[in-house]
Each structure stands twice: as C-alpha cells, then as structure tokens.
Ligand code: NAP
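For reference, the chain that follows is the form predicted on its own, supplied as structure tokens.
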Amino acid sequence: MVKAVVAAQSADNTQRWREAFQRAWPEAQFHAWAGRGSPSLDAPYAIVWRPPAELFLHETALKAVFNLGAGVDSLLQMPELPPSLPVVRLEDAGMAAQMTEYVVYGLVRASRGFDRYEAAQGNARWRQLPAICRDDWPVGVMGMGAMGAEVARVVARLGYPVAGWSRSARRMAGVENHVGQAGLAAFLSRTRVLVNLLPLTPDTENILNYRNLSRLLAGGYLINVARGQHLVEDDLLTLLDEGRIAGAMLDVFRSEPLPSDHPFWHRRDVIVTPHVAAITLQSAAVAQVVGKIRDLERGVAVSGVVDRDSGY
C-alpha cells in the first residue's frame, strides 16, 4: 500500500491537506506529521509546505518530496533535506490564471490611470484622462517559466509591447527575448512596467535593486509577485521619493506578514497585497500530486522535478 506523510506548516493546515489527499486516493495511506517523538512511518513520499526540518531527519525512507507550491527556495535552503532526495514542485494547479489576472490588473490600473480616478472620486471631481497609447507602456517579464510565459502571452494579446528576460532563451511569438546578464540592461531600458516572476536563487536575490530599477523607462512601475527577497525595499523607496519610479504593486515581502510600521503601508504610490497573487487550488494540487505518485509507483518519470543546481 502506498504511504505518504503530510506536513503543511501548521497542524490544522496539515490535517486539511491530509484529509483531501485521503479522499482523493482512499486506497493509499496519508499520515499527518506528528512530530519527532512519534514512530517513523517509513513513508516513501512526503507532501509538504514549509515543513519542520525534523521531518527529514525522522523519515529516512523518503524517495521523493512534493512541495505544495511552485516556489521551493525555502525547502532547498534546509540543510536537513537530503541532497539526493528528488524535490517535485507544483506545476500551475490553477495559479497561472490567477497570477495573470493579478498582473493585468496592476498593469491596466497603472497604464489607464485608475489610481487618479480613485483620487478624483474622493474629491468628487469629474475628470476624464486622455486615451493611452499602449506602445508607451512596454512591459517586461522577468522569469519566463510556465507562469511568466502565460503572463507575457496574455499581455501581448492585450496589445502592449512585451519582452521576456530569462536565464536561457525562451522563444515566443510576439514577445522579445532577452537572455542572461548580457541581455539584462537592454531588457530593462526598454521596459516601463516590470513584472517579476523569477525563482529565488543566489543569482536573483536582490536583483530588484537601485541600479536595475533605475534603468526602467520614465514613469516606471514595478509589479513583484515572486519573492520579497528579490526586492531591495529601501532602494525602491528611494526611487519613489526621487520620482524615478512612479509606483509599485507588491504581493511579496522580505518579512511576512508585512509589519504594521512598514512605510509601504502608508504610501499612495504603493499597493500592498498579502501574498495572494496566486493561491494554490487544493483540488487541482491534490489531483496533480496523486497522479505523480501513481506514476512514480509505476516507474514512470514525472515532470516538475527541481534541478538543485539552478534552484527550480
């Protein structure tokens, strides 16, 4: 009988996920992680989201670990995670559509001036802004994985000029391709609305810094939906104060929840959302993980296995 241990950040969350997996595959055994004092389950699979490090010291029979999210940076940073243990990330599970909606909302709000309409309403002022030219609002997407590619594709269909930047070439119709450090400066200098969808790796940490953000076109706007550690927050605040960046829409932060005294909360040129750009849909995630465990049990290779060297 197939056996798996589930550890999803808190006891309540773990139990909800365990019950969902058990309903989806009654013939298998899904056990909630009970802590280091409990007997080892000798489970070949772990299904986790921000699990305790002790799990990997306690359950030594694991053949694969499934992460209940696309981002695996915090998991890979655990020294207790065996270096040879395959890590399988969640692929989409309803997140690409949500992420695209979020980005399109931020882009349209900035380009169409809906923030100014909101301010005008507060002053009971009837004021029509002129129509925009989308060519004046070129979008740059950093990170052209599954979600980045979908964002670029949809934004291009809306008529905005779009470019993608990634570590390796990603050819897409209607999307400019910029690659690696050699292509970063040119990518940024043609971009007005910068969308960050990069994985967090040592190479991408702090990439949204003063130097790079100051390369954006006049009236630049930042949408960060990847990781808070990509952004040097003080640099963004400085650029906003200098008028070199017009605004930002931020869903992720270095410290979450964002502290109540953080200056982002009190700026009209910054929109703060609480890490909700793309929320894992439980039913889709359960179906995906169950399908992959079934494949592994049959000796079939699965997609979504993380390359430890690249970090995604």
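Heads up: residue numbers just count along the shown sequence, starting at 1. Everything numeric here is computed off the predicted structure, so don't read it as measured data.
Omitted here: the form predicted in complex with this ligand. The next part is about that form.
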Based on heavy atom distances of 4.5 Å or less, which listed stretch (119 to 127, 197 to 205, 103 to 111, 80 to 88) is in contact with this ligand in the predicted bound form? 197 to 205
None of G145, G174, G219, G159 but one has a heavy atom within 4.5 Å of this ligand in the predicted bound form; the exception is G145
Looking at V65, A278, A285, A248, which has any heavy atom no more than 4.5 Å from this ligand in the predicted bound form? A278
All of A8, A53 and S303 with a heavy atom within 4.5 Å of this ligand in the predicted bound form: no
Using 4.5 Å between non-hydrogen atoms, is M95 touching this ligand in the predicted bound form? yes
Contact between P138 and this ligand in the predicted bound form at 4.5 Å, heavy atoms? no
State yes or no: in the predicted bound form, is some non-hydrogen atom of A70 no more than 4.5 angstroms from a non-hydrogen atom of this ligand? yes
Would V151 count as a contact of this ligand in the predicted bound form, using a 4.5 angstroms cut-off between non-hydrogen atoms? no
Which residues from 151 to 166 come close to this ligand in the predicted bound form, meaning a heavy atom within 4.5 Å? W165, S166
